[in-house]
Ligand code: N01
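Single chain ahead, by itself, as structure tokens, in the form predicted on its own.
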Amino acid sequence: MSTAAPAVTEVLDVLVVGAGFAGLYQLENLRSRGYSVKVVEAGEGLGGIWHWNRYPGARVDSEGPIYQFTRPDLWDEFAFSELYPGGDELRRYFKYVDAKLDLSKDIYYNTRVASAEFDDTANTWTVTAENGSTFVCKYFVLCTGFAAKPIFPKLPGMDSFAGINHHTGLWPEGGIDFAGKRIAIIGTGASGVQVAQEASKEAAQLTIFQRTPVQALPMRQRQLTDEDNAKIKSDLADRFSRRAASFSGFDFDFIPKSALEVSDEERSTTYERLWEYGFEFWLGTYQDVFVDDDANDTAYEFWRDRTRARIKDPVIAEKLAPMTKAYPFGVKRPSLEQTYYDIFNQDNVRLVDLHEDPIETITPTGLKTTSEEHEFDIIVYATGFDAVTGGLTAMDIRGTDGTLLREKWSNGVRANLGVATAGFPNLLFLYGPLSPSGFCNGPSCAEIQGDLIVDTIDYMRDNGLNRIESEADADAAWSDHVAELTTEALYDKADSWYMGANVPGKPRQLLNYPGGLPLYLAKWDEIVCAGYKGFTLS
């Protein structure tokens, strides 16, 4: 997808990695405050995950109006055509932002970071890209996102397949013709759901290989008219203002009641209301759904019954929405779907349960499970990412004692406030491990956490300081805090990417801060008001 970029050499105040929401916000914010700053981006265009997500059906699972930058001069003149924009429209949005803010003049595209090393004397990072470009910077800010490193299953024979095969995160820009083809989709996360909905319309035969049933919620997609957009814009500023006060950076929050303290009738009425609004059924539900198994059962049973009603075959219904939950509701990120459960009523769609019939090998003509040989023209790997940490540890980032970041975190992440780690001075990361990232609306975190990072760099400049480094004890204390919150909830009862469980050998820990955005911000303020307690400044 990328073309070669010429090598450059730059000396900067700040180098930012990644041109998604977080990286672009850092760029505009930092340069407006007088810093010399550039962004390096591995892709040939901006948008982060929305540059790479080109698979059929790729679509954001947050409402478009809340999934954008909050600058009035950006949203006032731009309108989405759908409530949940697709990949093409999001790329159009980023091009619009680029044109308004003239971002690309400070971005090096097709420039993938290979290594970075800290100079303990000069207090600078030397960053080298695969194309030979070199950057010397005081602050090295990583905005690689949660899904920068696609992962494939480790199956024998993968190189032998003679047909077309792609990971959803590495989809060819020109697309793939599904019409009349025999298609396999391995994986049922968000990308698997979205590809399946599209492939089912054209495929001669679509076979979906499921390891764990996805708990997808109705998207309630609709086209937006000019009148709709005018109404949305009339109170959009107020909606944005509510983000920092909510658990997940949206304009709604949990109901301050237990699911068990209300009557069955009230709870059912509430769930019926939330069912109409996408993620609100997940993150706008009763406050104890993620911490109490009995409360969680009430949400799961409602989801299960509404979902099973759409599936004609009771055997398939039990695999897709089992009577007894496979894991607590909502502790794996739900997908939003439009027709996913309906497609299993079609003659051309088949479901294979990998717990009953695991894949043994990929063959030149398809794949073989324990009980059957399948022939396919196309294999889609919807197998996810080395989430949250993968984009960071893929680079050879070497700390003051020569240790690589991936080595330091090989037994689990230790990261103060989810933005820094001991032994790596002046290295700051956004939307990263042990921050609210995976539970937070992406643009909200990009801006709210992004301001904290820029304010920290300002503090250093204003006080004549050149070096900020997290302390090992503070790293451990924050990691322990996250672990304690995890034990109080139900997240560790599922093998999810939240827990790092989708990557063989990856330490099992909750990679996202489960205390919510308001508590995170309170913790940050507490540390800053104490003179950046837990950090060594010099």
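Note that the structure is predicted; figures quoted are calculated from it, not measured. Note that residue numbering follows the sequence shown and begins at 1.
The protein also exists as the form predicted in complex with the ligand; that form is not presented, and the subsequent description refers to it.
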| request: Only one of G192, G249, P436, G145 comes within 4.5 Å of the ligand in the predicted bound form by heavy atoms, so just point that one out. | output: G192
| task | Would you kindly say which of S479, N502, N29, Q509 lies with a heavy atom within 4.5 Å of the ligand in the predicted bound form? | result | N502
| request: Go through 205-213, 256-264, 306-314, 292-300 and give me the stretch that gets within 4.5 Å of the ligand in the predicted bound form, heavy atoms only. | output: 205-213
| query | If you check in the predicted bound form, is G284 within 4.5 Å of the ligand, heavy atoms only? | reply | no
| message | I'd like to know if G384 sits close to the ligand in the predicted bound form, meaning any non-hydrogen atom pair within 4.5 angstroms. | response | yes
| field | 4.5 Å heavy atom contact, W52 and the ligand in the predicted bound form | value | no
| Contact flag, I186 vs the ligand in the predicted bound form, heavy atom cut 4.5 Å | yes
| request: Tell me whether D13, R414 and I457, taken together, all sit within 4.5 Å of the ligand in the predicted bound form, counting heavy atoms only. | output: no
| task | For the heavy atom contacts within 4.5 Å of the ligand in the predicted bound form, list the residues of 56-76 involved, in sequence order. | result | R59, V60, D61
